Every structure is written in C-alpha cells, then in structure tokens.
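First comes one chain, alone, set out as structure tokens in the form predicted on its own.
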C-alpha cells in the first residue's frame, strides 16, 4: 500500500516539475516596486498568521484539560501531527485545489507544490494564511474523538482534511468557486471562516464521534450520560485564553491588509461576542445546576468566537453581543442535545464549532449592516435582512451552510467509516482503560502519577 502511494506521489511530483515555468517574483522586488506600502500589509498578515498558528497550543491545552491525564500525551501528539501533515500536504496539493485557477467553479487546478508561477512572495503569503486555517480545521476534530481514536487513524484523517475536505470547500467560498457566485445577495460570504474552518472541523468531528461510539463509562445502563471530569480546568482555561488571544489574529487578519481600518471594528466585535457567549453559558448552567460551571463558561466563550468569525467585519457592536449571546445559548443546548442521543464529545467541539459555525454563517444574512464590502471599503456592501437587505443574503448564507454541513459530515463519515472497516479506528478496550499515552506513545504526561489501572 505505502509503495503504491509513494509511486503515485513521485509521479505527481515529476509531472508537475516537468511543466515548471519561471517564477513571478520570488524575492519581492517587483512587488515592492509596484506597491511601496506592501511591507506593512505583509507584516500584518504574517503576524496575524503567527497568532493563528499559536492557536494550536490553545486547542492542545483545552483538549488536555477537558480530558483525563492518562491521555494528555496522546492529545499533544495529535495536536502536533495534524499541523505537521497539513503543512506538507497543503503545500503539495491542498493549496492548488483551494486557490488555484478555477475550474468550472468546482476546484483549483494550478499551484502544485508552490512551484513555477506560485514561487512568488504574494502567493506564499496567501499560502501561509490558508495553511494556518487548514491546520485549525484539522485540529478541531481531535477534541470530538479524544481518548479512543487510534493514532494512525488520526494521521490519515488529518491528511484527508488538509488535502481535500478543507481546500475544496474553501475554493467554493474563497477561491472563486460556485458558492461565492450564488445569485442571491453578494453570493455566499464568510469573512474569516465560521463555515470554511469551524463548521468543516466540527462536522467532521461529529462524524468521527458517531463512528467511534462513546467512551467506556460515559453512559450508564439506563442510557443516561455520566460526567467524566477532565484532569485540569487550569489547562482548559489557559487554552481558552490562548484561543481568545489568537482570534485577534484570526478575524482582523482576514482583512489581508493593515490599511483596512475596519480591523478596529473587527477586533471589538470579536471580543464582545466572546464575552457575551461566556456570560450567557455561565448563567444558563447556573440556573439549571446552581453551580458556576467554569467549563461551560469557557466553551461559551469559544462558541461566541466561532459564531462571530463569519460576520465580524459586517456588523455593529450590539449585533456582535447578540450573536455571541445566542452562541452561548446554543452551546449549552447543543451539549445536552448530543449527549441525549448517545454521542460522546469529550470537549464539546461539535457544540462549539459545528453548531455555532452554522449560526455564524446565518447571522451574516441577518445582521450585516451595509457599511463594509468583501474585504474592501467600496461598494457593493454586505447587507442583511435587519438592515433592509431583503432575503437575498440570508438565502445565500443558508445555502452555503447547508452545503458545508453536508460536505463536511458526508466526507468525514466516509473517511472514518472506511478506515474503521479497513483496520478499525478505535483502540482496544484494555488500551482505552489504561490510557493512550503509554500504549501508543510510550510516554505518560505525568510519570510520577501514572498507574496501570486508571479509569
């Protein structure tokens, strides 16, 4: 099998290199001559990209904190390997599928291996930005399938997300594909990725959780869910703060220009939605349990961030608060909803990213205020239903959301089901009970406290 894959990849490389052409601007001299202000924008985008990359650490800490100590090493490994693989496979084929020359609105067909005309400072800048987004989409899934997925299955699924699932849908929205050209409103829009990144990752995670089944002990004989406490709320809180901080790169950086002063509006909206989501989730659980649930507050914060990611550039502050507040409500309802149906999502990834990714897309069609366009300050501007824009943009958002859910869940389910049939995606029962750290990696995260009969 691996021999066949190697031969296929070698053939692709040779074929691509045979058609190599002269580079456009690999040292940036021509770009700088044409636009002396380019360095400001380049630095802006790269620094924001660095912040988005740092979100990998945030996801790792959130997942480790919400899961048990015996699986912490495994989660560190998974949150590293998905970005490792994304970097390589997205460079080879994913970026071409996503941002290459459009073929009938379906897929990009140029830019393989970043060679030839893609050996250009501008293209490399776009690549790096989309790469950190691809890594985010891939790592979202790890929380939904935590504590029971084989490492090699995670390895292969990460390849599928970075090579196919993320870039092809991304092309439809951001690469000039068919969703961006819908004859409603301005077509389907998603400013920073509520759909392209978070809904994709969330629904692939849902597919994985369904195929895997729940962890041992999650549901009693009566079918009612049981709490499986994570080992460190401190890690979970630290991860949430890192993600919150990283989101100030995620959303404002999507202007792709430091000269777009709308970045101030985007940053404020990002923060307000996070705060509103955290507050509502905390209060809702308190009304139900009379306890101030820190874990749910943290997920409420993340839900608000996910929801505002699509509309952040197109709404006022009050709308960002409403969007975040509804996200806080949805994440609490969603957690109970999935548990009631026997689906085990250890960190709430599906509720945070899948459900609120969809809400974020829909909110654009409601709250976009008509003062900002598609990354520019000139008309046409994005305008939603509540600001006199009619139903056009809302329809485009609903279509895009439906396609995103179908694409992500459908391909995610196929990938996980195929792996399960071929080699089995779930670890053996005794391995799950002992924890994946020593079984799969030979290294417990906390060797001074490790025992062989942890539950």
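Residue numbers count along the first chain shown, from 1. Note that the coordinates shown come from a computational prediction; the quantities given were computed from them, not determined experimentally.
As for the form predicted together with another copy of the chain, it is not shown, yet the points below apply to it.
At the 4.5 Å threshold, heavy atoms of residue 26 reach another copy of the chain in the predicted bound form.
Proximity of residue 168 to another copy of the chain in the predicted bound form falls outside the 4.5 Å heavy atom cutoff. Although the partner is absent here, residue 440 sits close enough that one of its heavy atoms falls within 4.5 Å of another copy of the chain in the predicted bound form. With a 4.5 Å cutoff on heavy atoms, residue 145 does not count as touching another copy of the chain in the predicted bound form; it lies far away.
Contact check for 39, 125 and 369: all three have a heavy atom within 4.5 Å of another copy of the chain in the predicted bound form. The partner is absent here, but in the predicted bound form a heavy atom of 81, alone among 374, 385, 106, 81, sits within 4.5 Å of another copy of the chain. Contact with another copy of the chain in the predicted bound form, defined as a heavy atom within 4.5 Å, holds for exactly one of 258, 159, 326, 343, namely 258. Just one listed stretch, out of 356 to 364, 335 to 343, 170 to 178, 243 to 251, contacts another copy of the chain in the predicted bound form at the 4.5 Å heavy atom level, and that stretch is 243 to 251.
Contacts between stretch 220 to 242 and another copy of the chain, counted in the predicted bound form as any heavy atom lying within 4.5 Å, involve 229, 230, 231, 232, 233, 234, 235, 237, 238, 241, 242, listed in sequence order.
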